[in-house]
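Quick heads-up: it's one chain on its own, the form predicted on its own, in structure tokens.
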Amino acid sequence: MIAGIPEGGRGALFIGGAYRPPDGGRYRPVVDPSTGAVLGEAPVASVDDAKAAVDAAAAAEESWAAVPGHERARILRAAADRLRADRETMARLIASEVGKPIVDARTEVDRAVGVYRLAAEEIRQLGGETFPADAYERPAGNERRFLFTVRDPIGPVVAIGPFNFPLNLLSHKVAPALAAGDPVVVKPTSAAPFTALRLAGHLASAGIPAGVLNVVVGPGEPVGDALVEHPRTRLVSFTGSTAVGKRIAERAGRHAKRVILELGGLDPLIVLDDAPLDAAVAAAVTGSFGYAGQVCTASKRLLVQESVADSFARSLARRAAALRVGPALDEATEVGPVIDTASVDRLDGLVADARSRSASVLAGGGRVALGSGSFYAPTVLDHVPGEARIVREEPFGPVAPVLRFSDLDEAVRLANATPYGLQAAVYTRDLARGLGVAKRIRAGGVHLNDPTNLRWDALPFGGVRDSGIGREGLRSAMHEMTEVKLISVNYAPP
């Protein structure tokens, strides 16, 4: 039995401050992608469970909003301390549930600890503005008025998390909501329910009152739909596929609810002919193969200028072939499994399609037989044409397609040739040249001489077009999760 999974291997929902079985008594197995073994049984919530969770959050809405900011900050810091003390168990739980190499899983826990601490700090910055009333001619009497804004909690927040960062990306939704004074209903990925449920226990022990945080586990239909459409929820924060995000936006929009959507991407890493090639190759290794490529900001298209493409592709292939593929709990593993066997099958199809269109395989190119796990070899494809599926569909796996370009205009055209726009990277020794390219790329973030998969937890993060709506990052998320209220004070009424 893996540490962190409940006694007997069967989980429970967390509603109104207590763990409880699902209403319909349904459970589903949670499978370790490294071994194919069943880790335990996750509860499957019903629509009634979802409604009960929202009702609990709504009942706690006013009391949590009234808790002083310094007290909310104290609770968030206490939660960070508890996570820090539980680092190894949480990391092993993440590694077991989603196949993240244990070294990376520890880093994820560390980042989540930082997210709660940053959220506590940002409470002090959650203020409004003052305005010079006498600068406005109307309404009459402004010389006797004082104008300012405050930020009120928006109300119950729905937080729907992904499998690839089951603790940190969920915390990017939970921590700012709690800091802003909002209760939360969490629907974690069904692949990693035990991570979310253990987090709930830490938050409760840190002092989060009953009902302020609730966790229901279940499918998007009907459980997620019930949360989105419940009349008491006011904002939905979702990380996942573009197709599901659009569906959530449509349903939320019918009820005039706010959304924060962090969706898919086909992030380009652009290598110009004057780039520091060793650094660019290292960035491609990190960006394309880190956590087996299952990252929204992974380097999914490597756009390389023709004159350096041969050297770049050969070097990348050597690095890819040397990466150690293995089970997530092995300390030496560099590339773990993908999330399930369906993902392996999909990657096989994408690579076969690219090969049928003249792409060549320089490294990898197929599944890796390691017991019953779902492993795919780090793969480098060269001479990939623009019509290949691998550069039109988000692969979410350890595949690095190299596309060649002749000049900057072609590089920009290729970079923008998808409906996505999450992040991008440009490698060059000429910063003026790099900034010129960066300005022309349509994306939420562009990094010069750094990988595509950089993220600062405190700073705005998100995409444009099909990559999302709104911004995460502690302060940005807290602004999204609050309503601005204008207050006027007539201090000398006639």
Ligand code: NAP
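Note that residue numbering follows the sequence shown and begins at 1. All values derive from a computational prediction rather than experimental measurement.
There is also a form predicted in complex with the named molecule; it is not shown, and the following applies to it.
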{"query": "In the model of the complex, R301 touching the named molecule (heavy atom, 4.5 Å)", "finding": "no"}
{"query": "Residue contact check: F396 to the named molecule in the model of the complex, 4.5 Å heavy atom", "finding": "yes"}
{"query": "D225: touches the named molecule in the model of the complex, heavy atom cutoff 4.5 angstroms", "finding": "yes"}
{"query": "Contact flag, D182 vs the named molecule in the model of the complex, heavy atom cut 4.5 Å", "finding": "no"}
{"query": "In the model of the complex, the residue from P156, P188, P378, G336 that sits within 4.5 Å of the named molecule by heavy atoms", "finding": "P188"}
{"query": "Residue (of T341, S360, T149, S241) lying close to the named molecule in the model of the complex, criterion heavy atoms within 4.5 Å", "finding": "S241"}
{"query": "Segment that reaches the named molecule in the model of the complex - one of 317-325, 347-355, 197-205, 264-272, heavy atoms within 4.5 Å", "finding": "264-272"}
{"query": "P162, P219 and C296 each touching the named molecule in the model of the complex (heavy atom, 4.5 Å)", "finding": "yes"}
